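The chain that follows stands alone, in the form predicted on its own, written as structure tokens.
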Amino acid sequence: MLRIQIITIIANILFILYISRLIVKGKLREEYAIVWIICTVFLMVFSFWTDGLELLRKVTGVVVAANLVFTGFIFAILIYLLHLSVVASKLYNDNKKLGQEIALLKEEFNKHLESKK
């Protein structure tokens, strides 16, 4: 086993442990951790199976295997960022609606207090 394989496997294990710790502490939700765990497992598979990346390179027609890895992960990151943008937009709309509802309730409450005086 090559030194880079050992380093990659150890780094992947440490990363999965770190993700697990973030989940346990409540700092990372499970639905977001799944993406990181899948990416880490993907890297772990190619850490053990070194010929697999070369096989994928030949199947896809990419000249250099490293370009295949970078392209794949850049594409995955873009999809993940799009997902996070959708989640942030939904949260923004929910907060806006909640603020409007609170303002209406506050106005109704103040009218009710004035009518009691």
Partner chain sequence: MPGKILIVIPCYNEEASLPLLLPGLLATTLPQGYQLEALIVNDCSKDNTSAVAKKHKATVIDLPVNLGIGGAVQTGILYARDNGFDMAIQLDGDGQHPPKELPKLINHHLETGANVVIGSRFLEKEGFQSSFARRMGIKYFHWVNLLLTGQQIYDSTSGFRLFDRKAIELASIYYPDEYPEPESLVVFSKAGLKVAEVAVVMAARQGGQSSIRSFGSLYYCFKVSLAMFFSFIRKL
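Computed from a predicted model, the values in this text were never measured in an experiment. Numbering follows the first chain given and starts at 1.
Here the subject shifts to the form predicted together with the partner chain, a form of this protein not shown in this document.
From the candidate stretches 49-57, 73-81, 35-43, 87-95, select the single one in contact with the partner chain in the model of the complex, where contact means a heavy atom within 4.5 Å.
Among the candidates, contact is made by 87-95.
Considering only heavy atoms, tell me if residue 111 and the partner chain come within 4.5 Å of each other in the model of the complex.
Heavy-atom contact with the partner chain at 4.5 Å: present for residue 111.
Residue 106 near the partner chain in the model of the complex, any heavy atom under 4.5 Å?
Taking the distances in the model of the complex, the answer for residue 106 is yes, it comes within 4.5 Å of the partner chain.
So in the model of the complex, does any heavy atom of residue 20 sit within 4.5 Å of the partner chain?
Answer no; every heavy atom of residue 20 is more than 4.5 Å from the partner chain in the model of the complex.
May I ask you to check whether residue 24 falls inside a 4.5 Å heavy atom distance of the partner chain in the model of the complex?
The answer is no: residue 24 has no heavy atom within 4.5 Å of the partner chain.
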